[in-house]
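In the form predicted on its own, a lone chain appears below as structure tokens.
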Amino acid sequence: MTAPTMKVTRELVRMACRAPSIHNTQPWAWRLTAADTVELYADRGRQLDQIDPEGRALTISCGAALHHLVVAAEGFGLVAGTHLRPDPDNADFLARIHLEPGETTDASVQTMAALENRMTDRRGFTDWEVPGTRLHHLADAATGWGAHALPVTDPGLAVRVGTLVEEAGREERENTDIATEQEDWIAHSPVDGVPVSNASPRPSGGVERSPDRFNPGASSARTGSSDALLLLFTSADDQSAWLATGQALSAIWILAAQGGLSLTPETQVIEVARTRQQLRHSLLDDLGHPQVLVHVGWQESSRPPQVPTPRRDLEDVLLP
């Protein structure tokens, strides 16, 4: 049996901070109240006021960090019990995590290794098709965390989604405030933001990038790529639902990394109210709330590893 210590708990928080976040803003703060107790808070000073005025993307990012901590704890032989939204009067207090002794397994160690290797790679996917069984397996991983994932396998719907993605990107590029805020977070600092090499990686011969906010010239009708689409959605559309989405996104992403698949998120189509509503109508019959669209595909096996995006120092994310 492994018991939590302050040294191990600090390492768990460090690993949790490897989670993906919008524009690598890393909008989380942590308080270690004891060796076995960690609190997660939203850092509103890192919220994107123009792109994310409601704090949806911020909360999803924090949810991903929360799931990362749970996975890291299991890799260290600990059991992490989470209590979401422990104080209804404090919207920034997102979760309390209690660590208890547990057992390390080969599976938990492998999952933790996938967490460490997970990253956003925008260099484009190959033309290798993602089998439907793999896509549905990834989608199933979302349900245990309070969210759902819908594989978009119908060609007509996939084209419709691609059109909405392009429309959302164009609308945001034409909004000066949004465009400026996005630009500010490219090469933002040595410890956060998206490095130029990650936002605009060198293209690879014969492989085209999926359309994304950093690649406005890409078309949904591109060739040489067979990436698949997953839509993460929830029944509600509040802070608890956004936290659940972040945990589900992390679960899917880590599972994809374990299976050699690559994943890139697309949120512009969610950020623009009009395209989000049309996405909801087209894919969910107005019954759920779209939260994140992700592209899933295979990277070239001969491609060198991408340099990870930078992270803030642990002391910078710890609250007194």
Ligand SMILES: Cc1cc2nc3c(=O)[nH]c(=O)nc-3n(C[C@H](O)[C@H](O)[C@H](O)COP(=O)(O)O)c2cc1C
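Just so it is clear, the structure is predicted and the values come from calculations on it, not from any experiment. In this text, residue numbers run from 1 along the sequence as written.
Not on display, but discussed next: the form predicted together with this ligand.
A residue is said to contact a partner when one of its heavy atoms sits within 4.5 Å of a partner heavy atom; T275 fails this definition for this ligand in the model of the complex, lying far away.
The closest non-hydrogen atom of P265 lies within 4.5 Å of this ligand in the model of the complex.
The closest heavy atom approach of L69 to this ligand in the model of the complex falls outside 4.5 Å. Interface membership of R122, defined by any non-hydrogen atom within 4.5 Å of this ligand in the model of the complex, is confirmed. The stretch that touches this ligand in the model of the complex, counting heavy atoms within 4.5 Å, is 56-64, out of 282-290, 56-64, 254-262, 39-47. Residues of 286-320 that come within 4.5 Å of this ligand in the model of the complex, judged by any heavy atom, are T309, R311 in sequence order.
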